[in-house]
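This document opens with one chain alone, in structure tokens, the form predicted on its own.
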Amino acid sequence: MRTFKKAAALIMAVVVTVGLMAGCGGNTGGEKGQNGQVYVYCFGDYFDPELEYEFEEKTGYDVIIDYFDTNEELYPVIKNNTAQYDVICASDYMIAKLIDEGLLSEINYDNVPNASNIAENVKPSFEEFDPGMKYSLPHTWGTYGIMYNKSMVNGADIDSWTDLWDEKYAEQIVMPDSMREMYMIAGKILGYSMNTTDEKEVTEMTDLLLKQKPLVYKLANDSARELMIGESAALAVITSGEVLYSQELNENIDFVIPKEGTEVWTDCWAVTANVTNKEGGEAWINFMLDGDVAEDNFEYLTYAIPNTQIADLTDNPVLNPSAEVLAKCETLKNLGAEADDMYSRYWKEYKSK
């Protein structure tokens, strides 16, 4: 099915090529490379690859794209300027860190008219890491929740993070191999913020996670989806962007945002402070915010893309939770080096036992 999605995205890209530039800004395009090069640094496989060529055709820029796996891999590259990029994709907390350290440029909205397509429901979360969207604009967004197999839980009402502590699901639970998301889950159960820097609370959260650890089948991130599709596990903590694709391949799969609340995340495009082609970087962002491009990316990724032009495609509670649900959510914050060290110390304790 993923291969089909890529093929479908390619067909869509060809179909919309003729009319796409009407929404992509003032550049009329032309021969590849005539307007210079744009260097992009992005998470791997995070947009329809055919759009790279479409961008070049429509804008006249020559785009060079490098990929990374995690925000932590991106950070030293941008911090130390070991490779020079014009535009990057990074997560909310990393955007905040880069802003604090003066590593991003303010966006010139005159070059990004498609920012008018950004959906309203994603904007409040930006107040936590980039107030006023001065430095970044959204690519995708979502939440973490529990994906579960309805047949394997025998009709149980899965609605709480505490369900992951139920011994009847021993060795059928997949937890995220991610420090902050694990502490988010424990914190929500205990009533603590996922951004707490109180060591006493972090200690309690670690103890709670250690109590659950014997029930865990595996710690996994990307592979959690495949484990659920293949019915190797009954429950998994997973991001909402993986749900629609998984349900296409296994009709028994369902998803819930637990009643205690969860993390809402946003991955964003931003222009670096050491940019060499700022207009080109902003042209890339403007292109990605075009309605037809957003549709191609949604069909390819099945992640929520907060674009008003595709609101009908993403109008479901998995991709666009209600205001009531979002009110219980938090955004991951950059806590600083001292707090990061503290969390890492307790995470190592958890992993070692």
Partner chain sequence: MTKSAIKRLFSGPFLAFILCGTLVPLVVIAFYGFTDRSGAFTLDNIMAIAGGHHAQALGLSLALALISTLICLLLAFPLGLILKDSKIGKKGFMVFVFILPMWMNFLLRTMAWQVLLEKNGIINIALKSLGLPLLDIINTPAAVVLGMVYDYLPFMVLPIYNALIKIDHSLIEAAYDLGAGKGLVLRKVLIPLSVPGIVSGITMVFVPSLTTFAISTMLGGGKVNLIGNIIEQEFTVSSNWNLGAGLSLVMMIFIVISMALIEKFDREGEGSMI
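Numbering follows the first chain given and starts at 1. Since the model is a prediction, treat every value here as computed from it, not as a measurement.
The protein also exists as the form predicted in complex with its partner chain; that form is not presented, and the subsequent description refers to it.
Contact annotation: of the candidates 219, 96, 256, 182, the single residue with a non-hydrogen atom within 4.5 angstroms of its partner chain in the predicted complex is 219.
Between the options 274, 116, 151, 223, the residue in contact with its partner chain in the predicted complex by a heavy atom within 4.5 angstroms is 223.
Per the 4.5 Å heavy atom criterion, its partner chain in the predicted complex is contacted by stretch 66-74, the sole one of 36-44, 300-308, 66-74, 284-292. Taking non-hydrogen atoms only, residue 231 approaches its partner chain to within 4.5 angstroms in the predicted complex. Shown alone here, residue 227 lies within 4.5 Å of its partner chain in the predicted complex, counting heavy atoms only. For the chain shown alone, residue 172 is a contact residue for its partner chain in the predicted complex, at least one non-hydrogen atom being within 4.5 angstroms.
Although the partner is absent here, residue 100 lies well away from its partner chain in the predicted complex, with no heavy atom inside 4.5 Å. Contacts between stretch 339-353 and its partner chain, counted in the predicted complex as any heavy atom lying within 4.5 Å, involve 341, 344, 345, 347, 348, 349, 351, 352, listed in sequence order.
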